[in-house]
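First, one chain by itself in structure tokens, the form predicted on its own.
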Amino acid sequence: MTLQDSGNVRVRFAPSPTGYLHIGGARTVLFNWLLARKYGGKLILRIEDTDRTRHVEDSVGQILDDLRWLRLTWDEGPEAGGAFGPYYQSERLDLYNKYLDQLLASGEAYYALETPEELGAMRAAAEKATGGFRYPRPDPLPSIEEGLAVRAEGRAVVVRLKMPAADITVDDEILGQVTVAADQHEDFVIQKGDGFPTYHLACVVDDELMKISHVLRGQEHLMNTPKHIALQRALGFSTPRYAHLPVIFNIDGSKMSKRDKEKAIKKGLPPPEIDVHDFRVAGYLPEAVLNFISLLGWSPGEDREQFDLQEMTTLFSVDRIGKTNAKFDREKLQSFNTDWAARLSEDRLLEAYKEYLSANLDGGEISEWVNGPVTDAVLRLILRACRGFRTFRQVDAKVRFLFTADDDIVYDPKAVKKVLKKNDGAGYAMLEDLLNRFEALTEWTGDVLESLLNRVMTEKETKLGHVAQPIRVAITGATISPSIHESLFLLGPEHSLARIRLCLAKREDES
């Protein structure tokens, strides 16, 4: 995409608040954000909330929150303001009605008076005869007065655009020229029976009034674009430059849909992450998510794969967006997240971990652990102990024992059998030996504990697992934790010794 007048780049992201922000929508806003930032333009956030039947009350706030989490700020829109507001379509009905009246008065649109039952019968007859249905334009067209009279009777009357009897070609920056033949057009609804505009009318009016210069959106909208061009021509509007992004598929080739979660739940499987909020709750870093989704259809060249937003902005260009569908490789995303967790500064990692905790606690925070108040210093220790983690959820799994009271530790029967009872209770015997050694310590630091455990390994001529795993089961109830000397250090001598004693006491109870 060659941009001559870069200061006039105005792009928009226009989500419908029918649910949370889909990861595909995140890629769309990212590409728009990159285009605006690269050319010194503006990103407009517009809420397309005219479909009141599908409106989800809390979704607008969640969409804004997810965009902030991704660090994708907008220049105009909700909370930011701007000269072309309001930025909620439900607050712009007078504007849409103005242009609707213009289309009716010019004969470019008309009231369609069929009842839903009549329309259903027409559809059924056409599908039976030809296997398909295209709305037949009435002849003669109802007059404006007839339409208003029927509406006054309380009937839900729609307004349709009169499509031109000519081919319409979309000059797409990614796909090239896409032409829809005249005989494929259908007079489509631009005002619904409830008086709200359809997506088509509201979108076209807003793109004109908000001076949108470029529209980057998913390929699923490609067949809407000829309709929008027809509307633009009927209203005397300019046509933005269009670029339709490749569709995102699952790794198995199926379309990545919010219904994937419902299907997984029905099968008793963990639901996959689909919405941005899902990835937040699952413990991914926004840096990794942005880096990964930037490559879903776009290539920076030079065999580069990992870069931050600033580098991405420098490298971004629409002409490097491909035509073929992209595949969402979750293993690759996890690999990206692991790399980003390792390369981020400790301060940034701490900030991101606190954001993760807040997302999982509905905005709250963990205030206590076994050794007192949870401070930033405590969280830093936890992150250091878990270094090499793939997601923050993995960190939680490793350190849950630090937020569990000694008496509430639940011992995994499989871990007890495999680690403690096996070989005539060798694990329990190891614990008894180690308990005596731990009780004799005058200093409880990571280095001291690591040195002691290495000494035991040498004395007993055994592997670390035979020393560490019995302790791990005793203090956590399971076989997963940070390195054993760091786990003991974080838990502290009081709780470590208490849990080992409790574990040994349970053995006595079992016998």
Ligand code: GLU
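Residue positions are given as counts along the sequence shown, with the first one as 1. Since we're looking at a predicted model, the values are computed, not measured.
Below, we refer to the form predicted in complex with the named molecule, which is not included among the displayed structures.
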| query | finding |
| --- | --- |
| Heavy atom of H185 within 4.5 Å of the named molecule in the model of the complex | no |
| Close approach of H214 to the named molecule in the model of the complex, 4.5 Å, heavy atom | no |
| 4.5 angstroms heavy atom contact with the named molecule in the model of the complex for A14 | yes |
| Touches the named molecule in the model of the complex: H221 (any heavy atom, 4.5 Å) | yes |
| Among 346 to 354, 136 to 144, 428 to 436, 199 to 207, the region lying within 4.5 Å of the named molecule in the model of the complex by heavy atom distance | 199 to 207 |
| Residues within 4.5 Å of the named molecule in the model of the complex, restricted to 35 to 50 and counted by heavy atom | E48 |
